[in-house]
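In the block that follows, a single chain appears as structure tokens, in the form predicted alone.
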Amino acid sequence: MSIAETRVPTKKIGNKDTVTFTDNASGKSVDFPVMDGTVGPRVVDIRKLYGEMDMFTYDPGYTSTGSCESKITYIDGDKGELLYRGYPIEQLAEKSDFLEVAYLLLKGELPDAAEKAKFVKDITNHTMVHEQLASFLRGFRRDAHPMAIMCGLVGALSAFYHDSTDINDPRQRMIASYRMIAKMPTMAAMAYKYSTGQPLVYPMNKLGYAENFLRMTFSVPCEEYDINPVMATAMDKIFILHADHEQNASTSTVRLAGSSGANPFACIAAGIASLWGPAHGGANEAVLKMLNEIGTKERIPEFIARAKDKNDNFRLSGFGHRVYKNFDPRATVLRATCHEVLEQLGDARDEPLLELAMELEHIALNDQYFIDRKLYPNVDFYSGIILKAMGFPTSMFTVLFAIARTVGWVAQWNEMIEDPDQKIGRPRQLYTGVMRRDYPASKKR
């Protein structure tokens, strides 16, 4: 059996450090360059590993593998830091709005007043969808999950907008990007309205992005809809906080689909399918399911004890984060927003689960067990409570995530298309199946 070892850089090629990979069986050694990003861990460039050593790396989940070079988002889990194009998420959530953040992610810099006005106008002019898409919508069962509907509607956009599917044309890529950012709230509201049996509501271009979505979702033709500014601000912040998150599962899916040359609408539909998973976009829905399981404030001590019991499989959803080893910076922003929303609703909320959630938050923030393990409430905990308070059913939670993340997906997809080093995604495998064998006749099996 061949034994290989890797040594920390011992020499340089030009001005670059290298890592030496040695196969002890053959005695062959190869130097691989070490790459430095703007910030973050150094990266070993192993693109020539197979050609030079006839070996692959084994990395389930790609947790130690950099699949691309990107300038969009950076996460430091130990520091609890999230940057969009270098800007801290806390500053953007406090001072910016979603469409300005969308411009930043797409273009790389914050817009000036004229650039922002034009961008908002361009997005707003694309908010309507082709009327025949409503006929497509009605093909779904009434009880279809909204995410199933979104997968179908977004994938179907390529059948309606042939003038923006050429990925080699920068202008068509831009038009497709704008269309998806603009139409996603419209289609999400359509999915919600269809499930309730209410008539579809067209967008209104004089409204802001979050305001327009709330109106399309909750208004009915028979009466005026008054937009609550606290709710609209909360919705806008949720969109900002979920707009991008580095190379997560759904973003990697968009990039992988796009690497084959698939049209942008198909790529975003693939991202929605990946986001649907409970380990990814369904986390805030899991929070509400957990609260329903707990049921009453009197049962909280029982479930806290179960969470601390190593022999119990129960886990508190919405606490801690696999990336952030400290406090989730998005949760810091959304905690204040959550309390603002609940205070605004006052007695109108009349929802025992929300009171239960606040009591659970208080215990977790003060219990030494959670403090020592840094199991703070995360962004999914607070977003789930806010969306529940606003009146969204849990089935819509991941759809709202998809609205926000579309901006990040589009930005990442465009960056991938323009990257000269990008190749079609083709992960390798460690094969552990049977060796080659001959086909036996049925009577010999």
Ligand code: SDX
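Note that the coordinates shown come from a computational prediction; the quantities given were computed from them, not determined experimentally. Numbers for residues come from their place in the sequence shown, where the first is 1. For the two forms, the rigid core is made up of the largest set of C-alpha atoms that agree within 1.5 Å on superposition.
The form predicted in complex with the named molecule is left out here; the points below concern that form.
- Considering the named molecule in the model of the complex, the lone stretch of 160-168, 216-224, 243-251, 142-150 in range is 243-251 [heavy atom distance within 4.5 Å].
- The named molecule is not shown here, and in the model of the complex it never comes within 4.5 Å of any heavy atom of Thr398.
- Using a 4.5 Å cutoff between non-hydrogen atoms, Lys297 does not count as a contact of the named molecule in the model of the complex.
- In the model of the complex, none of the heavy atoms of Pro264 sits within 4.5 Å of a heavy atom of the named molecule.
- Mapping the unseen interface onto this chain, Ala279 counts among the residues with a heavy atom inside 4.5 Å of the named molecule in the model of the complex.
- Think of it this way: in the model of the complex, the named molecule has a heavy atom of just one of Val333, Leu99, Ala283, Ala191 within 4.5 Å, and the residue is Ala283.
- Residue Leu375 is the only one of Leu137, Leu375, Ala232, Leu288 with a heavy atom lying within 4.5 Å of the named molecule in the model of the complex.
- Counting a residue when any of its non-hydrogen atoms is within 4.5 Å of the named molecule in the model of the complex, the hits in 303-332 run Ala307, Lys310, Arg315, Leu316, Ser317, Gly318, Phe319, Gly320, His321, Arg322, Arg330.
- For Ser317, the Cα coordinates differ by 2 angstroms or more between the shown form and the other one after the core has been superposed.
- When the rigid core is held fixed, the Cα atom of Ala305 travels 2 angstroms or more between the shown form and the other one.
- Relative to the superposed core, Ala364 undergoes a C-alpha shift of no less than 2 Å between the shown form and the other one.
- A shift of at least 3 angstroms brings the Cα atoms of Asn313 and Ala279 nearer to each other in the model of the complex than in the displayed structure.
- Relative to the displayed conformation, the Cα-Cα distance from Asn313 to Tyr62 shrinks by 3 Å or more in the model of the complex.
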